[in-house]
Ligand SMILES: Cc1cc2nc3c(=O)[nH]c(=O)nc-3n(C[C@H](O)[C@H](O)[C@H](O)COP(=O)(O)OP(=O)(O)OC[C@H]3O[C@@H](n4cnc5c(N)ncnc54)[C@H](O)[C@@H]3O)c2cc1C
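Only one chain is included here, represented as structure tokens and corresponding to the form predicted alone.
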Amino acid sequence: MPTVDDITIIGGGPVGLFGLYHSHLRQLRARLIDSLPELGGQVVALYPEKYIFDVGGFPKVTGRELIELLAEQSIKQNASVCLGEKVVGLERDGEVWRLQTSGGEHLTRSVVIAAGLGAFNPRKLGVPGEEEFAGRGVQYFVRQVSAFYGKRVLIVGGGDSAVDWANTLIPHASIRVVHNLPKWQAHEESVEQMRASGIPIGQPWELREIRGADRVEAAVIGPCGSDQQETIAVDEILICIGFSTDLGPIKGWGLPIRGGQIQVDWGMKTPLEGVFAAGDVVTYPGKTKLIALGFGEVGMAVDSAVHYLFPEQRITTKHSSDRGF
């Protein structure tokens, strides 16, 4: 007889991993599925070496360190973790859900969707030379900070990623930033730190052309709305202007979706019986996209799943100190 899990979590990022921990706390038979070959979701795929400053208890922690600690906390003996499996279908079969994946089928009594932003692709500027030098000096995220050490780096963008990477790389590289809007989208404190460093900042400026032979050698930049321009020597161009996202097969599961996110109620419930969601994939009035908030949401989602699975029981709040982990 096939194994039927109590709860299956779709997504192996920080929120999904903490959901797995909370499932253990509730003594549920749990499974976690992720399409990527390693745990960490977007945190590891996009910024494994960038510091995260807004997780409680950590003045700063790199993305990879956070995931390693969450995995140590969350993966227990009674957990099943399936990596490299893309969930492509969700069907109700009596009292259970059938999850079809690229690796087979899983049966579960409840589901928590913690898929982050779904599939993601970097947004591109469309300037001459961008496609030609992609991967040869044109980068959209940083996998290894050390690869930029001693380099002349142009960072394009004005959001948290652009400003955080500038602050991270300033001690190790020659940094210049251009941002094509009059206002920054990053946290004010981070912007002030960047400005205080004294690096050249063009705002509102734009990247107009990328030049080189075998790889990037120069960039043409200039003030927005002006014919003035400047050609600067660069070794690396880091374009941080966001990502386009796609929920993929999730869009066909009959869930209410607004602006690319699943609508949930206060208990992280969806209209599908036994299906819950948490993290960046959800929306509700007052929603804020923070890892720390996602931790609270997934705890609520798991508790809602417990109420659904065991309606006859009086469910009380569980604390780690009650069970010793």
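Only a predicted model underlies this, so the values are computations on that prediction, with no experimental measurement involved. Throughout, we count residues from 1 along the sequence that is shown.
Quick note: we don't show the form predicted together with the named molecule, though the next part is all about it.
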Exactly one of Thr62, Thr270, Gln42, Gln261 comes within 4.5 Å of the named molecule in the model of the complex through a heavy atom, and that residue is Gln42
Scan Val234, Leu117, Ile175, Ile221 and let me know which has any heavy atom within 4.5 Å of the named molecule in the model of the complex. Leu117
Quick one: which of 103 to 111, 117 to 125, 133 to 141, 147 to 155 gets within 4.5 Å of the named molecule in the model of the complex, going by heavy atoms? 117 to 125
I'd like to know whether Val87 contacts the named molecule in the model of the complex, with contact meaning heavy atoms within 4.5 angstroms. yes
Please determine whether Asp54 contacts the named molecule in the model of the complex, using a 4.5 Å cut-off between heavy atoms. yes
Does any part of Ala301 reach within 4.5 Å of the named molecule in the model of the complex? Heavy atoms only, please. no
Please tell me whether any heavy atom belonging to Val15 falls inside 4.5 Å of a heavy atom of the named molecule, as the geometry stands in the model of the complex. yes
Residue by residue through 130 to 147, tell me which have a non-hydrogen atom within 4.5 angstroms of the named molecule in the model of the complex. none
Leu290 and Ser161, C-alpha gap in the model of the complex relative to this structure (3 Å or more): farther
Outcome for the Cα pair Ala278, Asp160 in the model of the complex, compared with this form (closer or farther; change of 3 Å or more): farther
